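Take a look at this one chain, the form predicted on its own, written out in C-alpha cells.
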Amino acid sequence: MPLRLLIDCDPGIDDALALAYAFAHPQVSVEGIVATGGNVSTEQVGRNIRGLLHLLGVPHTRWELGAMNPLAQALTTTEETHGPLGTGYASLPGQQEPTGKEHGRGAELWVEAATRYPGELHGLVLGPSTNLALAIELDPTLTSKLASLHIMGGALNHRGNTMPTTEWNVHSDPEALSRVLAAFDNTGAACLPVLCPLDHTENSLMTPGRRAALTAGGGALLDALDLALQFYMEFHESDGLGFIAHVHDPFVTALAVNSALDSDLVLAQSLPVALDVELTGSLTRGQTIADWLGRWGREPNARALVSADAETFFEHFIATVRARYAVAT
C-alpha cells in the first residue's frame, strides 16, 4: 500500500524541492496539495503548484487554493527571499496565468482526504498552518483521522528568522498554529504532531557542492530548481549567512516520509512536550514555546525535534530526486 500524503505548502523555493522529493519517492502517493499563502500570495502559490506539477509530470494531481489571508492578521509575503513570483530566477509553466480557482477550498481538501483515508493519511504542513486550523474547525475529529502530522515551523531554543524570536511560518499566522496545537490538548491522541523548528531544520544547508550534485545533467525540472536555488543562495549571502540556503521543507518532507515508512533511515529524533504560541507579546508575538521542564503542568500535545542528521538527509534527498528526474548522470 502506498504512503498517502497530503501536502500543505506555499511554494516558495524550498517547498519546490519538497514537492520534487515527494513525487520522486517510489512509495509515496500524494493525495492532494493545499496552496497556503505565505512566501507569496495564495493565488500565486496556486499558480506555482500548478507549474511545478507540470514539470514533475503529474499535472492531474488534485490541489486547491486555501484561504486568502491568515486567521487574524493581514497576509505578508517574502518576495525578497523567494523572488517576485516565489521561485527565484526560475520560470514555471503558466506561472503568471490565473488559476481560476476559488479561495478557501484547501480546508475542505484536508477534511475530504482524511475522511477518504482514515488512519492512512499523513499530513505535512510546510507553510503557515492556516488551512489545517480551518479544516479542524470544519471537522474537529480530523486530528484523530490522521496517521501522522509533521509541521515545519517555530524556533524553540534558537534565534528567529523573521523577528528576533519568531520563525516565518508561525509569524505569518500564529493563531493558526496555536489552534492546531490546542486541538491536541488533553486528547490522548496516539498521533501527536511533530514540530520541526529552525533549531534543527537550519542544519540542512544547501551548499554549492550539494546543489551541483542535485542538478547535474539538467532537464526541465532540475534546471528550474537550479535557477531557484541560485536566487535563494544569493538571498542568504545578502543576509550575511554565506552562499548557502536553508532548505527546511525538503528535510521535513523526507523526515515525515521515512518516519511513516518506519525506514531504517533515521533523520531526526523528537521528544514529547507541551507546546504553545505567544499571541499577545508586544515583542514576541508568534514565538513558539516548549515547556521542557513541565512548568505549565500540561500533558504533551506534540513532539519536537531535538536532533537532525543533515548529511544523511542530503545523500538520500539527492539520490531520490535524481533517480526520478535526472536526464543525464
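Keep in mind that what you see is a predicted model, and the values were worked out from it rather than measured. The first residue of the sequence shown is number 1, and the count goes up from there.
We do not show the form predicted in complex with a small molecule, though everything after this point is about it.
- Contact with the small molecule in the predicted complex, defined as any heavy atom within 4.5 Å, is confined among 241-249, 255-263, 174-182, 204-212 to 241-249.
- The candidate spot formed by E31, A113 and K145 is out of contact with the small molecule in the predicted complex: none of the three has a heavy atom within 4.5 Å.
- For the residues L195, L126, A228, L221, the 4.5 Å heavy atom test against the small molecule in the predicted complex is passed only by L126.
- Taking non-hydrogen atoms only, N169 approaches the small molecule to within 4.5 angstroms in the predicted complex.
- Heavy atoms of L132 never reach within 4.5 Å of the small molecule in the predicted complex, leaving it off the interface.
- Residue contact with the small molecule in the predicted complex: T42 places no heavy atom within 4.5 Å of it.
- In the predicted complex, none of the heavy atoms of T165 sits within 4.5 Å of a heavy atom of the small molecule.
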